[in-house]
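To begin, one chain is listed below as structure tokens, in the form predicted on its own.
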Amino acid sequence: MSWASYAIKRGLASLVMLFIASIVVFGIVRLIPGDPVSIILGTQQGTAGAEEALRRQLGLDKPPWIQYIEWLTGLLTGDWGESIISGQSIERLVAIRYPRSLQLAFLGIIVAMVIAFPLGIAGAVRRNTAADYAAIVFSQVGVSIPSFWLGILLIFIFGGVLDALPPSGYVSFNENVVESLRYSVMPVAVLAVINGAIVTRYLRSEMLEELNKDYVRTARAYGHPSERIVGRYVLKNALIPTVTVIGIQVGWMVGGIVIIEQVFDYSGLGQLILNGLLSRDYPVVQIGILILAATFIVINLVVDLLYGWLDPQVKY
């Protein structure tokens, strides 16, 4: 099977996974305690008669399977509906919030890689030296520190004591690039430390395993320079499993940064989903979680296809 055929096959499998995810998301959201109709009418001092009318208006009086078909049809046709609470178009809400989370996630993973790759490689190549100890300490501390605690600590130091960075909020790149980056520094730093620590530990471990293999000893016996052995062979082989970890971390950062967004009052997709959960805004929560699931699926697809480039021996 060629790489192109494999890519098509994996793409179709990803579509099937996305369809299954849509069913799971639709069903799980319906299990959330609370009734959105009661919440809306409670804030508007509605009556019992108005509750039934609103339920019909929202389509919540129909059987779940009919609701799912109508919801899926709307997704495929581009009609994602409106927020039950605010009445805003979900397409607009997602178009505003999702790029913000992507910006935060990808800046975080870029900075994490800038930190993790030099530390992980140096820690493996120069074992039991200061570089190795730095990699070990960073990986252990980064994995151990809770993200919300680190975020609060940075706000206290750089936003309070030093008054060097804005403690919370968001500014779009289109409005002001410099200010947008300043507002992103602390949340990106938290993501970079947490995820960089994981990648550092994993890359160092994989590098050490590769350095102890026979082909490395053979290459050294033939007189190949250490830089060439590490850069051309060891690192490439160590990257094969590390890419999976990086992909998972990117997916986690897009969907799992709700805590970071809350700490820094960063209005991204995670915060939108959390607010939707608290207000029982079913349409917003369903679309938001499905987008996160689609993000994970796409990232896993990209990672699978990268294996063909990193390891030509992979059987398609």
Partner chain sequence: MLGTVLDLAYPSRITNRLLAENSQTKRALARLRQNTIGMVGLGILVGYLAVAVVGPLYVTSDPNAIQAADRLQAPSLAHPFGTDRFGRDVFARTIVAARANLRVAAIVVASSSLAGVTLGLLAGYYQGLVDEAIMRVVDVLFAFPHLLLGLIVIAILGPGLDKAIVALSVAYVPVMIRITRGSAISVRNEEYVLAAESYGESSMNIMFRDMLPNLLSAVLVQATIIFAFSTLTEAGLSYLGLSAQPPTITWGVMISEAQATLELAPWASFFPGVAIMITVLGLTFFGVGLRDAFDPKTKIDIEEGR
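None of the values given here were measured: they were computed from a predicted structure. Positions refer to the first chain, counted from 1.
From this point on, the text means the form predicted in complex with its partner chain, which you will not see here.
Exercise. If contact means any heavy atom within 4.5 Å, which of 110-118, 178-186, 87-95, 154-162 contacts its partner chain in the predicted complex?
Worked result: The contacting stretch here is 154-162.
For this session: Would you check whether its partner chain, in the predicted complex, lies within 4.5 angstroms of a non-hydrogen atom from each of 15, 68 and 80?
Result: No: no residue has a heavy atom within 4.5 Å of the partner.
Exercise. Would residue 172 show up as a contact with its partner chain in the predicted complex if we use heavy atoms at 4.5 Å?
Worked result: Heavy-atom contact with its partner chain at 4.5 Å: absent for residue 172.
Problem set entry | Heavy atom of residue 293 within 4.5 Å of its partner chain in the predicted complex | Yes, residue 293 is a contact residue.
For this session: May I ask you to check whether residue 246 falls inside a 4.5 Å heavy atom distance of its partner chain in the predicted complex?
Result: The answer is no: residue 246 has no heavy atom within 4.5 Å of its partner chain.
Exercise. Is there any non-hydrogen atom of residue 128 lying within 4.5 Å of its partner chain in the predicted complex?
Worked result: Judged by the heavy-atom cut-off of 4.5 Å, residue 128 is well away from its partner chain in the predicted complex.
Problem set entry | Sequence-ordered residues of 131-153 touching its partner chain in the predicted complex, heavy atom within 4.5 Å | 140, 141, 142, 143, 144, 145, 146, 147, 148, 149, 152, 153 sit within 4.5 Å of the partner.
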